[in-house]
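One chain follows as structure tokens, the form predicted on its own.
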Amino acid sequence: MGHPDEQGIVIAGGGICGLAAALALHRKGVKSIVLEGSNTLRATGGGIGIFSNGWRALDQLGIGTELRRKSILTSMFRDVNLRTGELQERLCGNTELRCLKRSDLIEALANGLPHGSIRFGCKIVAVAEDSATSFPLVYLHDGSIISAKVLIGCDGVNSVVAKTLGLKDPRPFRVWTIRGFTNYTSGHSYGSVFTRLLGGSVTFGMIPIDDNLMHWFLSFRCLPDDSRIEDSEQLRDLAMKLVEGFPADASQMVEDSDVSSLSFTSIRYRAPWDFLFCNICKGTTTVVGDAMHVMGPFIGQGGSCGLEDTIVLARNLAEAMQEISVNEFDDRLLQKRVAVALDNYVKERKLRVLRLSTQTYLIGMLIYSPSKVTQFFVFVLLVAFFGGKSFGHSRYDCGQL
């Protein structure tokens, strides 16, 4: 085994948050490398909803205008309770919500980075602290080792970096989702409305990306006993079974979907109380996005919150480095400055993330708890602390990069 490859700032994971963190640092004149386990850019999950707070972050990254051209502005939320027939509609007002193709977002972030910033095929298997320097050592699947001055974990729900910091594993919410795209070559008839059909243990949602493309999702509490999911066709068959009894346009949307776009996910979350008492940084290592605060999709803030993280982190790191190259720092001075910067990042993010993760957890309980008593108390808590189902969570501004 040779000597470790010495690098400055290393970002684990080339998903949305990893690329956004690299781009935010690049905009501040700070170099980094992104280690991505797959051999190409990955964009699983189909669409991603971005609220106003996320668009503020994308504007800071310099790609907001470009991405707005690829998505339409959502004008209304519509919830239809299929059991009672109750209809609830809320205008978005000043809240900006757009649904993007994940691939469009990933490509925009990657295109903003200098050539060579992303190293593909670099799967991280372990992280340890160098006993001699106290800097993080990153072990890759091929046996190679990278010695990083700073390590930023953007490696998602199953984060190796988060485990190194001692964060508890995310918990299963006992809810599954199927997501997909359906394209209407002559244009769809859903306008700019985000619609959810609430069927008790199954929820079907659909939101337009543009005038032709719809993103849809199914959330459900339990898998049918006879379900088998070995390929995309079987996943669509399961989705068709789940929407039996739903309005015809929902089942037609699933039937006409692009099978290559379908994805199946078990919802997991990091409990608010686990997050409150965990270590988000240690030395010159920290985590961002799902690696820090994986949460359910119930208020649609996972992606936007992760984008906020990257802006705050890059701002603090860049300020600490004060335009001096990482490699020119005395190691002890570097460690001290970075530790302070990461501590400031955590202090700035912790209350915001705690509030979002708590609200998400309660909304999930409200939707999926079988107990009417539990639903009542959860609703009271939501109204008391979060204003019910308002869009207050989207008004947050992470500030200038």
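Don't overthink the numbering: it's just position in the shown sequence, from 1. The shown structure was predicted, so the numbers you read here are calculated from the model rather than taken from an experiment.
Just so it is clear, the following notes concern the form predicted in complex with a small molecule, a form of the same protein that is not shown.
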| property | result |
| --- | --- |
| Contact label in the predicted complex: residue 37 to the small molecule, heavy atom within 4.5 Å | yes |
| 4.5 Å heavy atom contact, residue 364 and the small molecule in the predicted complex | no |
| Residue 46, heavy atom within 4.5 angstroms of the small molecule in the predicted complex | no |
| Heavy atom of residue 42 within 4.5 Å of the small molecule in the predicted complex | yes |
| Location of the small molecule contact in the predicted complex, chosen stretch of 301-309, 88-96, 144-152, 233-241 [non-hydrogen atom, 4.5 Å] | 301-309 |
| Selected contact from 196, 102, 315, 270, since only one has a non-hydrogen atom within 4.5 angstroms of the small molecule in the predicted complex | 102 |
| Single option in 201, 177, 251, 212 placed near the small molecule in the predicted complex, where near means a heavy atom within 4.5 Å | 177 |
